[in-house]
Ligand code: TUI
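The chain below stands alone and is given in structure tokens; this is the form predicted alone.
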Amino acid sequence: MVNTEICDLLGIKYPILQGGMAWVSDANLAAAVSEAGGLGIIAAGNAPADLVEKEIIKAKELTDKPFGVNIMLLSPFVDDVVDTVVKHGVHVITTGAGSPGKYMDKFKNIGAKVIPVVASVALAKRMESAGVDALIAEGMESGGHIGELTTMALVPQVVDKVRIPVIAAGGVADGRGFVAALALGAKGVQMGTRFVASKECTISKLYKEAVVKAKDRDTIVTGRVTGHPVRILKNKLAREFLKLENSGATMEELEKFGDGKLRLAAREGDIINGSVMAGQISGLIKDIKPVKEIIEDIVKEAEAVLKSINSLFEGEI
């Protein structure tokens, strides 16, 4: 069995985390991942605290295993969301879009492990200084909001500059990617797009099918001029957004155009006019299956890959 210090840190069987994806990562998906031995994560996104609380309560009804909440630090409801996760003693807090430093004392007082998502070495070092427990180094292959560095370039550079465990994210969907992340120095992986294409994911079936049908070059990055680039599948929305960007539209115009588009795709199933956030690894995903099967297949394949590598060094093949 593949076991790293992340397993001990988070109290999980496998060092596999499920990404916190707004409008996607709800209690059903998070509980399924935790029950299968990974760490499920509920995405708070821009949701108000009462909705986040409902998901936390539901997750606790579905599993007694550890799970986490991803807090988007730019959310207008962030203070209330923080108080909610503290109130319910959530095991793990992952964060994005800022520094969790302001809330560290609250998190530590309940014994929660704090793991920010970082896209650069500089940010990783700042987060370590703030006292976080681990880091998620996310490459630009990921779906949704992205940085500028690839996973393969980012992860080993972060690993070399910090003393806390690093979890690799971006471009991982099978056992080969999992082993590659370990080879780069990561102690685990976070996956989003692979779990989108799962039975327990409650988003529109059309969204899932779009991921499964996607080929290697079917994602595109929008919003670069805003400073907050987003990777999505190519569709009518993507074409119109890029046209608007290139026309010199203001930040306000771009934000207005993109408002509500992720919910439109994920919950209403409009994959033409909605934002279908997905990573470049979509081209590798060919089926929709139970979370337990996804995780077990990854672990089984990873163990086989590791054995094959070991035999190479032993001169057996």
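Residue positions are given as counts along the sequence shown, with the first one as 1. Just so it is clear, the model here is predicted, and its values are computed rather than measured.
Unshown form predicted together with the ligand; subsequent notes refer to it.
- By the criterion of a heavy atom within 4.5 Å, residue 182 is excluded from the residues contacting the ligand in the predicted complex.
- A residue is said to contact a partner when one of its heavy atoms sits within 4.5 Å of a partner heavy atom; residue 96 meets this definition for the ligand in the predicted complex.
- In the predicted complex, the ligand lies within 4.5 Å of some heavy atom of residue 144.
- In the predicted complex, at least one heavy atom of residue 119 sits within 4.5 Å of the ligand.
- Residue-level contacts in the predicted complex: of 164, 123, 244, 104, one residue has a heavy atom within 4.5 Å of the ligand, and it is 123.
- Listed residues 230, 206, 149, 112 were compared with the ligand in the predicted complex; 230 is the one with a heavy atom within 4.5 Å.
- Remark: of stretches 192 to 200, 173 to 181, 78 to 86, 96 to 104, the one touching the ligand in the predicted complex is 96 to 104 (heavy atom within 4.5 Å).
- Annotation for 249 to 285: the only interface residue with the ligand in the predicted complex is 277 [heavy atom within 4.5 Å].
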